[in-house]
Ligand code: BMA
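One chain follows as structure tokens, the form predicted alone.
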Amino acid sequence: MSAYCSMLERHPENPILSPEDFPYGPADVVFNCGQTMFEGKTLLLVAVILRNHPTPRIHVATSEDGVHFDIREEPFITRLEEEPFHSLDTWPIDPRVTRIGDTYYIIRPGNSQAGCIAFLEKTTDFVTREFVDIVSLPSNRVPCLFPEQVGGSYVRLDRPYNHSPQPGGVRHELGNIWISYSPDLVHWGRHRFLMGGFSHWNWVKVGPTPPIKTEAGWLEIFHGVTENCSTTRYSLGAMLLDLDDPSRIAGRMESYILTPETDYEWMGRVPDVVFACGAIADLEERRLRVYYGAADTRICLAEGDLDEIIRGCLEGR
């Protein structure tokens, strides 16, 4: 258990993927991975920045034990080729993966002149992928899909954000979590505010990951950002949303469940960061696994007791 009594424990083999572990490099960073189970294996979509390539790509990595991964040589996701999407797809990173039925939907950010947008793609085999559409206006980079319809509609969480001018001409980015609904995964409406920053560790912005269905509610792992005079810190938190009405927060941890406190989280391309694009729950063993980017440079694993995290949300610890 960490010095800060986080509810997630770091795996003793962390980091589980570092730039030197990428066999098709040289890589400068491997980070911020989508995560799911596929054909009985843990599957990560790993964002990689090569030393000699202008844009990132996303590789598939699979594991039998959830710790030791084989990375596929050919990238699974690179920039979209057709216009007008190619010019918007300049930095393919941070994929969020949601399985709905037998299809895996992937949402990742793109860039426009007006700000960040979100691409929706889908796959059934993690070999081929199909582009669906752009599903958010700028600036919005993190829509996350629920794994099933609620009340006959698809549901998502996202984090639109804006820039608030500060003294001295500094632009201060603010972001809150919203919920919205769709009949077809493309056209979204009924937008409702869900949650903003509420504590010292997340007062600047909060952002979602794909929710996980549990008996107690939709478990939502989110990141929270705070700033001080020397750095910007990213931590992870947890909350529960009502199963029948996910616009209602049924419980929320007041404290973080993971915050940077190791050398590999403090030092890297973006220091002082733990950042997750998802989580994997084992409902039989009652364990939660979170594969997270550490300092935007390497991938680590933290695990926790699923029931303890749910109790923490309900009790507001």
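Predicted, not measured: the structure shown is a model, and the values here were computed from it. All residue numbers refer to positions in the sequence shown, first residue = 1.
The same protein has a further form, the form predicted together with this ligand, not shown here; the description that follows concerns it.
A residue is said to contact a partner when one of its heavy atoms sits within 4.5 Å of a partner heavy atom; V48 fails this definition for this ligand in the predicted bound form, lying far away. Among heavy atoms of Y256, none comes within 4.5 Å of this ligand in the predicted bound form.
Within this chain, D94 lines the site of this ligand in the predicted bound form, having a heavy atom no more than 4.5 Å away.
Among residues of the shown chain, L288 is not one whose heavy atoms approach this ligand to within 4.5 Å in the predicted bound form. Proximity to this ligand in the predicted bound form, taken as heavy atoms within 4.5 Å, picks out 273-281 from the listed stretches 273-281, 65-73, 38-46, 246-254.
Taking this ligand as it sits in the predicted bound form, the stretch 26-56 comes within 4.5 angstroms of it through a non-hydrogen atom at F31, N32.
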